[in-house]
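Just one chain is shown here, as structure tokens, and it is the form predicted on its own.
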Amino acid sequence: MSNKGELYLIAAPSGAGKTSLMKALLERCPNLALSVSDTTRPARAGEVDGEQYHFVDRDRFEAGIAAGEYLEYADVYGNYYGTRRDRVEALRASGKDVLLEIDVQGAAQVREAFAGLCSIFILPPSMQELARRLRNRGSDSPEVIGRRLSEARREIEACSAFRWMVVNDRFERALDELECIVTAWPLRRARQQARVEKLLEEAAESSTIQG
């Protein structure tokens, strides 16, 4: 039986509360580790290299793309964002379950590479509430908020490709539902098949000995 960790992917429209939910989920699930992405955008005030992102220059990122080092990547508003394959595999090989925080474009790339991926989409309770949350953040202009809402519609249209959906209406309930998914996912039949086969081998050996 494989001791390699599970791979979880969470995506959501901007403003749906994904980052806060993921932070709380990581605190609840000690075996879950966040894979920190690379980006070519400049670090913002308070950000630390290696914590929020690994900040790399554009030439280095594009060299990584050419070398196939990225499990997924996307150009978002003129900056690259991507998940390095070696970091994800190192965490999984150590037995850690890995959590990816990426957009629907990157999620499609990861699903092609990992059949056993657990993908989760965080939905806002309504578009009106999503717009209210974006405005209340106070960090974006009306033009940017409008662009984010347009992007949210495109992302929600793509959410049918995800295995699970969680509505972030009440934070604690959404967090409980995420924890339930993370707890239940390793018990799926495909993951437990090796255990079933081992039990059947033992049963066959026992029958031979008794016979």
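Heads up: residue numbers just count along the shown sequence, starting at 1. All values derive from a computational prediction rather than experimental measurement.
Quick note: we don't show the form predicted together with a small molecule, though the next part is all about it.
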* Determine whether any heavy atom of Arg41 comes within 4.5 Å of a heavy atom of the small molecule in the predicted complex, and answer yes or no. => yes
* Tyr81 near the small molecule in the predicted complex, any heavy atom under 4.5 Å? -> yes
* Ala93 within 4.5 Å of the small molecule in the predicted complex, heavy atoms -> no
* Asked: Does Val76 reach the small molecule in the predicted complex, with heavy atoms at most 4.5 Å apart?
  -> yes
* Structure fact -> Of Val98, Leu134, Ile102, Ile122, the only residue with a heavy atom within 4.5 Å of the small molecule in the predicted complex is Ile102
* So which stretch, 24-32, 174-182, 41-49, 157-165, is the one near the small molecule in the predicted complex (non-hydrogen atoms, 4.5 Å)? -> 41-49
